[in-house]
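Presented as structure tokens, the chain that follows is alone, the form predicted on its own.
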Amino acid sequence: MALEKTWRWFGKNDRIALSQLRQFGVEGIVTALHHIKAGEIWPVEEILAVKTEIEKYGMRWSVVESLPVSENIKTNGPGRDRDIANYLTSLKNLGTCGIDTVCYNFMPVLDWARTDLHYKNDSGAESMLFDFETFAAFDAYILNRPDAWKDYPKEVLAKAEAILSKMTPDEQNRLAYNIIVVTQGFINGTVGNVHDFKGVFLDFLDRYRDIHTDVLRKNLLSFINDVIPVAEQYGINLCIHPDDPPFPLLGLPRIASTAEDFEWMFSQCTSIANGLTFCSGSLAVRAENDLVEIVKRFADRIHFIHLRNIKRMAYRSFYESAHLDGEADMFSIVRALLEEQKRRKAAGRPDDRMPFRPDHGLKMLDDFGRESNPGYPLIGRMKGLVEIAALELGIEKACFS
């Protein structure tokens, strides 16, 4: 008994080839049609081409991460009806091709945020860091978002000003570029690599000017009510990814950050197809999130698993740590997930594979000599995969034998 070992692969441009992944135990692939913009249809022939390529190497296309939800849908703005119709067609096409798990998120504008993509820990390995005060400097003084200062305590703004004073104009522009473009560009980034990326970004933020938490929740529920019946019909489980980081940024609401958020979401639509991507790294950022309790509370709806760890620093600041070393109690989390897998097997549920992937990883050793997307080095993720596999075996022998 073990969770299905999967790996995020970014298509033919990925420096890590499918032919290499089986060598260290990968069973399934997590990928998407990255070249197709949010709101457009995923054609059957393109889905099958990727699926066939994966299966040629003895693996399966385990999870779509992600079928992106357009800003038109999130804002309930012009173009929503077209984008929803296209989303439903894409779901039908995926189901027809035998893909049964689709991850998505409902985070406005930014999928995720970090302020340092090359943070070195004490060992010399490299990961990513989110520093709230640096982000405040970006938001209030580099991006110059209108009224941004209202969203930060005075002491945070004072520290942000101090940080800004030590940055050159080039460093300020690089910080903005990393947050807006680099972290987003390889996963259906909203803004894209345009000259006036800050101006375009501000225009997207302005679309949310009148959208507070209740409105965004209403828009999410409209999306769920539209897509879940089609997902059920075509044998697909949808699973929302938690907000990353799980607190408001840039004046934007967050609605997938806590157990209470998920309780609301699942109470509004009770279908098991309306599920959760459990991301230990995202959820661990909030100290009040009890990750083991979240697993147990929503176990039957966890369709996809990201196992990653972080260490908290100052207020709302954190860096990504080794998979078994951080705020997330990985032993207890994995044990609770394996207990759910046993329940599914006993109940005869068809979704007992419970795919997980080692989310992100420390850049180490030969990773420094190869190119990779932020957070996705080869050796660091391989280390995480092997550590989780060994942890599973230990739990199985010690707790379930």
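This is a predicted model, so every value here is computed, not measured. Note that residue numbering begins at 1 and tracks the sequence as displayed.
Although it is not shown, the form predicted together with D-mannose (DNO) is what the next lines describe.
Sort through Tyr104, Tyr208, Tyr234, Tyr152 and report the residue having a heavy atom within 4.5 Å of D-mannose (DNO) in the predicted bound form.
-> So the residue touching D-mannose (DNO) in the predicted bound form, by this definition, is Tyr104.
Taking D-mannose (DNO) in the predicted bound form as the reference, which of Glu327, Asp261, Asp111, Asp83 has a non-hydrogen atom within 4.5 Å?
-> Filtering the options by heavy-atom distance leaves Asp111.
Has each of Lys311, Tyr319 and His323 got a heavy atom lying within 4.5 angstroms of D-mannose (DNO) in the predicted bound form?
-> Zero of three within 4.5 Å in the predicted bound form.
Option from 43 to 51, 63 to 71, 342 to 350, 361 to 369 whose residues, in the predicted bound form, bring a heavy atom within 4.5 Å of D-mannose (DNO) = Of the stretches listed, the one contacting the partner is 63 to 71.
So, in the predicted bound form, is His241 in contact with D-mannose (DNO) at a 4.5 angstroms heavy atom limit?
-> Looking in the predicted bound form, residue contacts with D-mannose (DNO) include His241, since a heavy atom lies within 4.5 Å.
Counting only non-hydrogen atoms and a 4.5 angstroms cut-off, does His306 reach D-mannose (DNO) in the predicted bound form?
-> His306 belongs to the contact set for D-mannose (DNO).
Taking heavy atoms only, is Arg8 within 4.5 angstroms of D-mannose (DNO) in the predicted bound form?
-> Although D-mannose (DNO) is absent here, Arg8 would touch it in the predicted bound form, with heavy atoms inside 4.5 Å.
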